[in-house]
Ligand SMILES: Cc1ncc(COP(=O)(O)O)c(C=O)c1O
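The chain that follows stands alone, in the form predicted on its own, written as structure tokens.
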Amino acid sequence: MMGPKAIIHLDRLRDNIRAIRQRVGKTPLMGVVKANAYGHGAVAVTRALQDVGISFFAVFTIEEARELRAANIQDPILVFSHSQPENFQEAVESNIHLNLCAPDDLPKIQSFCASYGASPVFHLKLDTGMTRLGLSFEEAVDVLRQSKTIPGLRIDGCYSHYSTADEGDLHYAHEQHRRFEEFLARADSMGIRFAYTHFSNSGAVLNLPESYYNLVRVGMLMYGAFPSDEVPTDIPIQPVMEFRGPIVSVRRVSAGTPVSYGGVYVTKQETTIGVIQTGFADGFPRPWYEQGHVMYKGQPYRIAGRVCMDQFMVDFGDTRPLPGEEVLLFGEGADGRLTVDEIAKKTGMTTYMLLTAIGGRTRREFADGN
């Protein structure tokens, strides 16, 4: 089938992990593989991460955890979403760690522990300022206090999430860190110490080494992109995904020819227009047409007009590509390098949006230079 493809370079993924370890030292890493490993393929990515010693993973939904278990991946998995009682037994039996993030979670957990005789492993989530899922300081202290009355309850982890760790101004991030430290001190005064304490995300890996604790969550960085254009870029990461689209039609058109919807792109001279069989339904970013280009044989060529649902056009000038050849949409390959970081900056999108959008009819292929 002719259509877009995403080549996932697993050797680059492993190299990125090695580079990240140079920054965080001996602190263990948690591989965040939610959203199909940010569009890269959760099972293949997780196995590649196991190859370089990562043995703790994070997803968002219980269904994503089930996918990894079905692939015989046995390492601990943390589910970030608000945990549901109907999943407690499965979590116990499948070594899936759950999120304790609301005061009314505790009665449900207590009821399950009493009836089943065992507890899932929970990570208590403290809301230090994201105002998303998480317990307030006093709620979290109260949960810890009540937890001592529930036989067998396992609250093995404590974590939070930065809202501004990937920005230039870290004032608020430092305040979040202070709140987290204050809570850990309170827990310690209650005789409670957590097996897993984690706060860092990719932005914090670059900006906030004081928040590494004993487990570092890493997502975007290991996929070879930076979480924003405001963070240091001094880690030598490589794009793991190489997104490509096939040329399906080539024609010469005269000067003054309008191209694509709305006719917003008009050719300035006689030129070659190629049709790429990839569109916004496949995750190609529509706003990129305004300033964007693709790479073909090492050279950039401008996107001609608005991206369609299934296709878009490229102005190749006097170059005559052949139908069946491909262009590089982003990533790094034989055609050159075009990063999602650059596209994100010029479109006002984020690297997260760009990578997780890849879907539709996109075929994934896994490459391994090793």
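What you see is a predicted model, and the numbers here were worked out from it, not measured in a lab. From 1 onward, residues are counted along the sequence shown.
Unshown form predicted together with this ligand; subsequent notes refer to it.
Contact between C158 and this ligand in the predicted bound form is not found at the 4.5 Å heavy atom cutoff.
Under a 4.5 angstroms non-hydrogen atom cutoff, this ligand in the predicted bound form has R217 among its neighbouring residues. Though the partner is left out of this view, R132 does reach within 4.5 Å of this ligand in the predicted bound form, counting heavy atoms only.
Taking the partner from elsewhere, I54 is found to have every heavy atom lying beyond 4.5 Å of this ligand in the predicted bound form. F80 is the sole member of F280, F80, W288, F180 with a non-hydrogen atom within 4.5 Å of this ligand in the predicted bound form. The contact residue chosen from I303, L338, C308, V32 relative to this ligand in the predicted bound form is V32, the criterion being a non-hydrogen atom within 4.5 angstroms. With the partner left out here, this ligand still marks one of 339 to 347, 312 to 320, 34 to 42, 325 to 333 in the predicted bound form; by a 4.5 Å heavy atom cut-off that stretch is 34 to 42. Residues of 333 to 367 that come within 4.5 Å of this ligand in the predicted bound form, judged by any heavy atom, reduce to Y352 alone.
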